[in-house]
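Have a look below at one chain only, the form predicted on its own, in structure tokens format.
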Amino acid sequence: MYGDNRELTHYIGIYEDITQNKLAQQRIERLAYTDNLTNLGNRPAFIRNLDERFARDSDTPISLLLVDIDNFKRINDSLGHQTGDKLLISLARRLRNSLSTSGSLARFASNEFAVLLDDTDLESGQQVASQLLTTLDKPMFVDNQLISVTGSVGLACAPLHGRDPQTLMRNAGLALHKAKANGKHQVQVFTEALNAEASYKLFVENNLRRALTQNELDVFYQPKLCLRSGRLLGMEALLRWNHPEKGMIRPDQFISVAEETGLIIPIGKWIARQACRMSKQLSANGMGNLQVAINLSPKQFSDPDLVASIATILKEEQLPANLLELELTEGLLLEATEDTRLQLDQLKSFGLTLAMDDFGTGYSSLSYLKKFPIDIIKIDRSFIHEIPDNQDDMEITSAVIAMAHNLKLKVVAEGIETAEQLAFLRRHRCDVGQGYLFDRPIPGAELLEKLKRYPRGPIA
């Protein structure tokens, strides 16, 4: 305030207690940027930290690690979410203690953590990633139970793998996805090949959705013969994709994407219907009753309508159930749940034939042949390919045939290409064979004419 002669005489101050406002702001900040379970920073906090780091310095190398706890859903399902939460708290503490003060740790998702290592190049980032996996490997007690877990890590470094936060995070995510796809419990460093692979998968997914409605998918059929008589018994239905621009795309280039995206479920139903129609059509044209085999993906067993849809297809196409064979993978039987067992029992009750495909390439176990209603074992082509030059393959093949016959199971050999292979399989009383020696997969439009040259008879 000023006096009459405009001299400063005194001050007037106005104040307000904003303590509660500040505390409220801090609480909001904490809620927005802290993970309530582990007290680590959350995804928004980590992204903000990464953005600030790039804004401050985009030239000094940094490493971004995404750490995923393998098979965590299994722990939640078997031990309960409360135990799972306690495990996550313990794992977060372990990870934090194993990092140096320069490392920033956040909980990125349910069972995924993110680590930002400042001033760390690729080699140093790999060393830290390996140390984190070793840290996770050590068993721990939770609720008086000893629990062992493993982790997978995706690693990307700036500026080598990205010069902005979005690119670096995307590339670390691609590396993590590859680590899990390769069997988990490993460190995967980002490479440009992963970028190309991701782009291709996106192309396949987008185009595969259209292919099902635009009649781009087709079914080819490979004959299956009785090796004793040479008579035609049936055929295996094999999916093909004739893309309007890329041409014929091999199944191994798109089936895995179909499984990842769930598109294999509608595609599988479409194949089953086409195969039933083909068997019915051949019968109507005087070819007799030929059994047709279709492959079932483990993903299809996650569909609660699987059994009902197959029953509906058989009924609508008026195909006897014994003329449809379902080929299952060993991986499905390895991870079979009680629901899967029930589904297989129901399918078997219809009169369908169940076959174990590619026997010997996965986790082969005699227990599967006892636990599940399997009728047929298919010996993988990798064991047939080097007969008669590979003595080990010959011994394995003959042993599998003998074992299957002792268990009252039939044996199908895939990939027969030479007369020597055929002679060996006949000598060891293999029941059924398929392969290029007899015929390559045949388009449905040509199947009737091609099959007329085979002698026919009842299913062996």
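All values reported here derive from a predicted model rather than from experimental measurement. Note that residue numbering follows the sequence shown and begins at 1.
The same protein also exists as the form predicted together with guanosine-5'-monophosphate (G); that form is not shown, yet it is the one meant from here on.
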Practice task
Determine whether any heavy atom of Ser104 comes within 4.5 Å of a heavy atom of guanosine-5'-monophosphate (G) in the predicted bound form, and answer yes or no.
Solution key: no
Exercise for the section: Would you check, heavy atoms only and a 4.5 Å threshold, whether Glu338 touches guanosine-5'-monophosphate (G) in the predicted bound form? Expected result: no
Practice task
Consider Gln188 of the chain shown here, and say whether it contacts guanosine-5'-monophosphate (G) in the predicted bound form, taking contact as heavy atoms within 4.5 Å.
Solution key: no
Problem - Contact test in the predicted bound form: Asp358 vs guanosine-5'-monophosphate (G), heavy atoms, 4.5 Å - result: yes
Practice task
For the three residues Arg250, Ile264 and Asn295, verify that every one has a non-hydrogen atom within 4.5 Å of guanosine-5'-monophosphate (G) in the predicted bound form; reply yes or no.
Solution key: yes
Practice task
From the candidate stretches 86 to 94, 194 to 202, 229 to 237, 106 to 114, select the single one in contact with guanosine-5'-monophosphate (G) in the predicted bound form, where contact means a heavy atom within 4.5 Å.
Solution key: 229 to 237
Practice task
Select from the listed residues Glu317, Asp303, Glu327, Glu330 the one whose heavy atoms reach within 4.5 Å of guanosine-5'-monophosphate (G) in the predicted bound form.
Solution key: Glu327
Handout entry: Sole residue of Ile416, Ile62, Val411, Ile69 within 4.5 Å of guanosine-5'-monophosphate (G) in the predicted bound form, by heavy atom
Key = Ile416
Problem - Within 421 to 447, the residues that have a heavy atom no more than 4.5 Å from guanosine-5'-monophosphate (G) in the predicted bound form - result: Gly435, Tyr436, Pro441
